[in-house]
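Below, in structure tokens: the form predicted on its own, a single chain.
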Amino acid sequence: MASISFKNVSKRFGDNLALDNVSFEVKDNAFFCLFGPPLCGKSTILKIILGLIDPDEGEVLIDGRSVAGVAPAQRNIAMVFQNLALFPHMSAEQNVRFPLAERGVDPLEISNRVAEVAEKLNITHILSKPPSQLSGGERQRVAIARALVRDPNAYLMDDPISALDARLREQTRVELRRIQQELGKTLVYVTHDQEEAMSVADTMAIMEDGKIRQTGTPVDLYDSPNSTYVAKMLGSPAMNILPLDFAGKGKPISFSGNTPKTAISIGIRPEDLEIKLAKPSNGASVVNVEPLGSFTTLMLDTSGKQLLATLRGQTKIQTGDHVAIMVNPERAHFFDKSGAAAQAAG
């Protein structure tokens, strides 16, 4: 088991600042997720933890001890790379067995561990095949099995299920979460899929351009984003962010709450908008209706600004209708001119 800490870590590749004064802590036995767009520094963090690259500045601690100068093999960290890195000349089973065979583990124990992890990841039927005969999803599950079969201090996973189809991806992330809890191991997980991140993580760090913008539980980040960047990163559809003068009494969005003096914009999640049919007035016109089964998404136009609303189930509202828009003051978010969260007045 292992806790992992970054303290003011920076890393450059030539003129590119990949990590900019990054600090965070992964608690022992936590499922920690690094979330953000491509090239924001997520994979660089994993490689520094593993010991493949060294930071230019700052300190990395594992179990409270600095790992500066400690070789990757001595860190006892298992990693699933995005490119999988399976041995093409070996069968799936031989790939899974490899880390244990290299360490001289008893063959019977190896067979038992391989059988156990293969069953958990539903790959028993493909163990005899080489990687060239496996689908992308099957190769990813073999790579995950090769990491899980070990007994490391922590697991690192770099977007490990991106090649799976939507249904299998959902099943696999549930299995990863269950397996992590059963093993009682620290897991640092990289993804650019917000739904995936929010469904598996105990704690998330949201990244942008080599910096961590906010860290917290998925619920805390969703309900209390500290900036417009974080607010837009979480939620599908994303949060509506409008000029503050669009909300209030007699405004396009009916709002009766207090606002902070520093606020210049108001943020409202699509599911927090209250919509009802109305005559043309200060409300909005319905530009598009998108029924999605369990909920319906409406695209609304109000005074030249477009916003999205989601309604549970089906709706009788149609394209071309006019609606009144209201929002509960407790569900509104406010941001200042820098994009940082502003606290509402009491």
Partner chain sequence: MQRTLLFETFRFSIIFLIIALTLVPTLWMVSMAFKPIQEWSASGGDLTWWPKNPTLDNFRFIFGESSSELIVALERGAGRPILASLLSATFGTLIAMVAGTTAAYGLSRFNSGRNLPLALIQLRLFPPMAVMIPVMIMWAFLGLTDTWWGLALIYGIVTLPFAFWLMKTFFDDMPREIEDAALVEGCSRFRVFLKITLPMMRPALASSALFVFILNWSDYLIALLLTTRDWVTIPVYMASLSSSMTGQLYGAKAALGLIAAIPPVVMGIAIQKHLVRGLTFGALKE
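Everything quoted here is computed from the prediction, not taken from an experiment. Think of the rigid core as the biggest set of C-alphas that the two forms share within 1.5 Å after superposition. Positions refer to the first chain, counted from 1.
Unshown form predicted in complex with the partner chain; subsequent notes refer to it.
Exercise. Okay, which stretch from 229 to 237, 120 to 128, 248 to 256, 100 to 108 lines the partner chain in the predicted bound form, with non-hydrogen atoms inside 4.5 Å?
Worked result: Heavy-atom contact with the partner occurs in 100 to 108.
Exercise. Here the chain is shown alone; which of 139, 173, 113, 269 has a heavy atom within 4.5 Å of the partner chain in the predicted bound form?
Worked result: Among 139, 173, 113, 269, a heavy atom within 4.5 Å of the partner chain in the predicted bound form occurs only for 139.
Problem set entry | the partner chain: the contacting residue among 199, 162, 181, 217 in the predicted bound form [heavy atom, 4.5 Å] | Partner contact (heavy atom, 4.5 Å) among the options: 162.
Exercise. So, in the predicted bound form, is residue 260 in contact with the partner chain at a 4.5 angstroms heavy atom limit?
Worked result: Residue 260 lies outside the contact set for the partner chain.
Problem set entry | residue 276 within 4.5 Å of the partner chain in the predicted bound form, heavy atoms | Close contact is absent here: in the predicted bound form, residue 276 is far from the partner chain, nothing within 4.5 Å, heavy atoms only.
Exercise. At the 4.5 Å heavy atom threshold, is residue 190 in contact with the partner chain in the predicted bound form?
Worked result: Output for residue 190 is no: heavy atoms all beyond 4.5 Å of the partner chain.
For this session: Mark residue 211 yes when one of its heavy atoms lies within 4.5 Å of a heavy atom of the partner chain in the predicted bound form, and no otherwise.
Result: Heavy-atom contact with the partner chain at 4.5 Å: absent for residue 211.
Exercise. Out of 57 to 75, which residues reach within 4.5 Å of the partner chain in the predicted bound form, heavy atoms considered?
Worked result: Contacting residues: 72, 73.
For this session: With both forms fitted on the core, give yes or no for whether the Cα of residue 250 moves by 2 angstroms or more between the shown form and the other one.
Result: Residue 250 C-alpha, core-superposed: shift of less than 2 Å.
Exercise. Taking the rigid core as the frame, does residue 91 move its C-alpha by 2 Å or more between the shown form and the other one?
Worked result: Comparing forms between the shown form and the other one, the residue 91 CA shifts at least 2 Å.
For this session: State yes or no: after fitting on the rigid core, is the Cα displacement of residue 264 between the shown form and the other one at least 2 Å?
Result: No, because once the rigid core is superposed, the C-alpha of residue 264 moves less than 2 Å between the shown form and the other one.
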